[in-house]
Ligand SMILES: C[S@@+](CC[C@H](N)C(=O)[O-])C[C@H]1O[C@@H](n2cnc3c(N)ncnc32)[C@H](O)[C@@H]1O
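Just the one chain here, laid out as structure tokens, in the form predicted alone.
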Amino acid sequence: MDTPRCLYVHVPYCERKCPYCAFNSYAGSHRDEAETYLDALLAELGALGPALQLETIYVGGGTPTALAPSALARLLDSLRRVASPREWTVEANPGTVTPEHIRALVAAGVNRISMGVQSMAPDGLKRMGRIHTADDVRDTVRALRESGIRNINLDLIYGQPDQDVEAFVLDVEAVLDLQPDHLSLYALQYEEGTAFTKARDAGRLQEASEDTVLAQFHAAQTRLVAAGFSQYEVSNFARPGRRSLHNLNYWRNLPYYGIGAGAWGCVDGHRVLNESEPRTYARRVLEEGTACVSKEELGPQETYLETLAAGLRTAEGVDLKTLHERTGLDARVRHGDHLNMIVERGLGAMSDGRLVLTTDGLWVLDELLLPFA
């Protein structure tokens, strides 16, 4: 089996839980708990080995910059001691980044920041439950660049309640003024258990229409391409040389390590999941040496379908010959009629054995995957 070249590290703490968020995150003050959590996280890191040959590290959450600067520095310094990745991303919230956080990031060698902006409009930020302002975003981007961290991704969410196409285009224009290297545009999802989903189901919130969501995305897509970005995945746009190497590893369905509460990993042909509750996770790691709650073997059929599902989201698509070599399953033989239909209906294109979906195909990806299962 291939040795993972990527590591995901989960920090589950946030200043506030956003009403749309279904990630494994916990709001409020966790300063007392955080040190024990880091003890466990670093014990799990140590179990991976003293020297990791990593291409990428991604520290996500939650909000890693919700940690005290000293705690963040402890985590980053420990990671630096075991790996020197080509790309090292840390997620940040503009409302939590201080000069001390930035000094810790720079000292460790972090070279990429991903910030959850979500909106640049005051009403949008209030609607989405964000703790920052548009000026916070501008100030943080400027401070990061002045410190030497220049590879910056900004996230936006479209399909917000009461957000028309023009309002989202204004968000896009506002972040383009900051000259980011990468933009991630996510359609608002109503996940089970979130405050937004409860409000929608109770009739207190109106979900955006599919036509509005599509129009917002197409308007943003046109603007970003004109500004020199390439769309390399359904939700992700990058300037030349700034594609997320870490996320490309996921979309190519390659192995990766995952440490922390609720973290997934894919190692030695198995998908593993950690305990999600931070205190329970920490106790189990420190007392038992592991907090794994699930371990699933990935056979040829699972790998076949998941490689298609992930790879067809991207501009590079899926090389069906390589997929055949990896799994022993040949899509051209098993699903030739379905592949022909995808091409004939303009939902995808085939070139040298590589299947790439068109924009129309991306919007019906889930339906296109059903016959492969």
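Residue indices: 1-based, along the sequence shown. These numbers come from a predicted model, not from an experiment.
Not on display, but discussed next: the form predicted together with the ligand.
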The stretch from 291-299, 226-234, 266-274, 149-157 that lies within 4.5 Å of the ligand in the predicted complex, judged by heavy atoms, is 149-157
Any non-hydrogen atom of T63 within 4.5 angstroms of the ligand in the predicted complex: yes
**Prompt:** Counting only non-hydrogen atoms and a 4.5 angstroms cut-off, does L254 reach the ligand in the predicted complex?
**Reply:** no
Exercise. Does the ligand get within 4.5 angstroms of any non-hydrogen atom of A104 in the predicted complex?
Worked result: no
query = Using 4.5 Å between non-hydrogen atoms, is Q189 touching the ligand in the predicted complex?
reply = yes
In the predicted complex, the residue from G124, P180, G116, P85 with a non-hydrogen atom within 4.5 Å of the ligand is G116
The one residue among Q163, N249, T140, N93 placing a heavy atom within 4.5 Å of the ligand in the predicted complex is N93
